[in-house]
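Given as structure tokens, the chain that follows is alone and in the form predicted on its own.
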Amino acid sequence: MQSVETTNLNFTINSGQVFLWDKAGDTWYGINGDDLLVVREPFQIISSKRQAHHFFRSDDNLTMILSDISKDNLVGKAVKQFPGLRLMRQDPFQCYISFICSSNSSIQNIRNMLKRLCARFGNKIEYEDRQFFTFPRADRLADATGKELLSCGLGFRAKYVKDAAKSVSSGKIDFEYLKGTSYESALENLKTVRGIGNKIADCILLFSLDKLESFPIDRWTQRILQKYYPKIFDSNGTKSLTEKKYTYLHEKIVEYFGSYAGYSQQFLFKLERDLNKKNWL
């Protein structure tokens, strides 16, 4: 089993999974819920709450997983090109709100929105003469006014963020339940929240709720499937994904890539974005 020390922080943090991270020298500083994580090269992780255990999924059998997904030639190429790229296990509420904010936005815009939310509604932490703000609690965002949320640059997403926070604070969305239930059940549960469709739900499931068969399908992953696997994943000439087509495509993806399809997706996503020289953090 590969150890967490083999994690490549630059590959992993710059792969579209997280947004509230900054780098200074050889150190990354990241917000994960009410926790500040400080991660240095060579690998060392410090947590303000002492709860960073398995944030980089060190409990996964990476040797077995990488061997399994590398059966596909393109994924195998990406695994070799980005050694140390890992999935992260994020704070579920932060991940949930982050990807609701990701709708029709760039990584830099998402990052700016979330930083403003933290500065306005989170708690201040000081570390090594630096100032950070934790991610807001669900009840704090649920009680925020529309005007306050709009001041954070959320635009049309403000109403979705407020509704999503209410769903968590009321118990309608229970992350522990979602972790324990099936992928299909968890997906449908998340989609009852306004602003969450299949792709956003899949991101939340993959990056925070241990559903490794999740394979978020957006324009990038659609492009990958059409470009490299046209005979396996026929798009029928359409770019938009209906509910029925998304479900069908996900079933085909898991059938082809296997139960660790989420890992395959992350390597392919990183490969294509870097190939197109797209910005990360």
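Note that residue numbering begins at 1 and tracks the sequence as displayed. Worth saying up front: this structure is predicted, and the values here are computed from it rather than measured.
Although it is not shown, the form predicted in complex with the DNA is what the next lines describe.
- This chain is drawn without the DNA; in the predicted complex, the residue among Ala119, Ile107, Ile125, Leu74 with a heavy atom within 4.5 Å of it is Ile107.
- With the partner omitted here, the residue from Lys199, Lys211, Lys162, Arg111 that has a non-hydrogen atom within 4.5 angstroms of the DNA in the predicted complex is Lys199.
- The DNA is not shown here, but in the predicted complex it comes within 4.5 Å of a heavy atom of Cys203.
- Proximity of Phe269 to the DNA in the predicted complex: non-hydrogen atoms within 4.5 Å are present.
- Not displayed here, the DNA is kept clear of Ser264 by more than 4.5 Å at the level of heavy atoms in the predicted complex.
- The closest non-hydrogen atom of Thr242 lies within 4.5 Å of the DNA in the predicted complex.
- Exactly one of the stretches 22-30, 58-66, 247-255, 211-219 approaches the DNA in the predicted complex with heavy atoms within 4.5 Å, and it is 211-219.
- Not one of Pro92, Ala144 and Ser167 places a heavy atom within 4.5 Å of the DNA in the predicted complex.
- Contacts with the DNA in the predicted complex, taken as any heavy atom within 4.5 Å, map within 154-191 to Leu154, Gly155, Phe156, Arg157, Lys159, Tyr160.
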